[in-house]
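One chain comes next, on its own, written out as C-alpha cells in the form predicted on its own.
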Amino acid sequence: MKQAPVILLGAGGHAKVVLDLLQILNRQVLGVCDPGLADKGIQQWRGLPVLGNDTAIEQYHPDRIELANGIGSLPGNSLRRRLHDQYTRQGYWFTTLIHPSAVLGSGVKLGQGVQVMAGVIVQADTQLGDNIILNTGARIDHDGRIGHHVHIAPGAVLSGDAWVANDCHIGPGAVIIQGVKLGQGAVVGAGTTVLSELPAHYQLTGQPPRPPVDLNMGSKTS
C-alpha cells in the first residue's frame, strides 16, 4: 500500500534530522510549515516549498496526508506537544519514523508519531507512547514503559524495566538504572545517573547527582 505524502512541521535543527530521515525512507514530502519562514516571505527551505504557517495544513484533508513533527523538545517548551494534540484532535495522523540503522526487539510497541533516530536500540517488549523522540544512539533495554511526549536525548541509556511517565526529558548521556521510575514531567540532566525513583515535575542533575529540585517551586513563589 502506497504511503501518504508528508508535511513537515518546523524548520529548526530537529526538523533537519527529521527531513533527512524522511528522505532516507523515500517518503514524499509536500513541503514545510513554519511561521518564521512564512513571516519572512521565504519560499523554499532545504529544497522544500514553504507552504505557510501551521494553519496551511488545514488546506489538506486529513485522509490525504500525514504529518511529521519537526519541532524539537526541551524542558519547559511545550510547542511540540501542543501541535501534536491540536492536529490529532482535527483528525490528522503523525507518521512514525524508524531509521534503518535502528534496532527494535520483539514485542516492541510504538505509538503515533514516534521518531526513532539513527543508532537507537530498543529491546524486547518495550512500550512507547505517542510523539516520542528517541534521539541519536539512545538505548532502551527490555520491558521499558515510555509515556507520551517524552524526549530521550542522544546517547541516553535506560536499563531494563525502566518506567518513564508522560512529558519527561532525559538529557544526553543520562543513565536510568534498572527498574527506576520517573514521574510525569521529570527532567534528567545531561550525564546524570538516576539510581532511584524521581517524583513528578522534579529535576535531577549532576554527577554524582545533586538532590532533586522541585520544578514547580519557581511558579509557586513568583
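Just so it is clear, the structure is predicted and the values come from calculations on it, not from any experiment. Start at 1 with the first residue shown and count on from there.
One more form of this protein should be noted, the form predicted together with GDP-perosamine, which is absent from this view; the next part is about it.
- Segments offered: 58-66, 183-191, 27-35, 156-164. Contacting GDP-perosamine in the model of the complex at heavy atom distances within 4.5 Å is 27-35.
- Using a 4.5 angstroms threshold between heavy atoms, residue 140 stays clear of GDP-perosamine in the model of the complex.
- In the model of the complex, at least one heavy atom of residue 151 sits within 4.5 Å of a heavy atom of GDP-perosamine.
- Although the partner is absent here, residue 72 lies within 4.5 Å of GDP-perosamine in the model of the complex, judged by heavy atoms.
- Contact between residue 12 and GDP-perosamine in the model of the complex is found at the 4.5 Å heavy atom cutoff.
- The candidate spot formed by 48, 95 and 97 is out of contact with GDP-perosamine in the model of the complex: none of the three has a heavy atom within 4.5 Å.
- Distance criterion of 4.5 Å from any heavy atom to GDP-perosamine in the model of the complex singles out 83 from the list 83, 146, 114, 120.
- The partner is not shown here, but in the model of the complex the stretch 42-66 reaches within 4.5 angstroms of GDP-perosamine through a heavy atom at 54 alone.
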